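Only one chain is included here, represented as structure tokens and corresponding to the form predicted on its own.
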């Protein structure tokens, strides 16, 4: 990896909620793994191949997966995040860590059938519909039979998307394939405009289920879940995130 100044290797201070901003205005990292990320961490050491953490940021899932004994490829679009992650990894675990800089899904590739587990946590909501379809197809190709993908994304059921919700509902009724696409994230969350990209894709279980079914996965778990750790203005009614676990059969 390229040399990076020491200043850029500092992980930002956590906000009052515990969320930690990324260095590239691509959202935040949660202070601890959610239930679906914990399922990835538990599965990773017994997966039928190496594990891949997409959008690893500063290592909220990579670090505990390494501690569990897994071999992990940590991917992120920003090499500074991976530098910070690497420095946080105990020396005794570094031999089982590989760093992969690149933008998912189109900027990274792995050999077919080479992976046993893939985590895509809080990344899919930065992709448009065709990118999400390509992502599912790529992960299907990368996984070996018996391998699993773990996905977590934000939903339309968050407090900052209240103004967008009527649009989402209208698109649902009209049969729109991607009802949760927000073309201007700052419009529904001006408070965090400086930490969000322009496009934000609020996902529901119908959308994720359709995409991963179409890619050939067998879905083991798919549900909306609460985010008690989110700031009060983002929390709504316990459906703030959507999670999926699917297997390549």
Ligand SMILES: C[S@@+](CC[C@H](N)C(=O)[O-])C[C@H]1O[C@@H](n2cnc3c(N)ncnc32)[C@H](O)[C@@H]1O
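From a predicted model like this one, the values you see are computed outputs, not experimental measurements. Numbering follows the first chain given and starts at 1.
What follows is about the form predicted together with the ligand, which we do not show.
Among 158, 127, 84, 135, the residue placing a heavy atom within 4.5 Å of the ligand in the model of the complex is 127. Mapping the unseen interface onto this chain, residue 140 falls outside it, with no heavy atom inside 4.5 Å of the ligand in the model of the complex.
Using a 4.5 angstroms limit between non-hydrogen atoms, residue 102 touches the ligand in the model of the complex. The closest non-hydrogen atom of residue 30 lies within 4.5 Å of the ligand in the model of the complex. Using a 4.5 angstroms threshold between heavy atoms, residue 180 stays clear of the ligand in the model of the complex. Relative to the ligand in the model of the complex, residues 144, 215 and 249 are all farther than 4.5 Å at every heavy atom.
Residues with any non-hydrogen atom within 4.5 angstroms of the ligand in the model of the complex fall in just one of 51-59, 201-209, 65-73, 218-226: 51-59. Annotation for 9-27: interface residues with the ligand in the model of the complex are 22, 24, 26, 27 [heavy atom within 4.5 Å].
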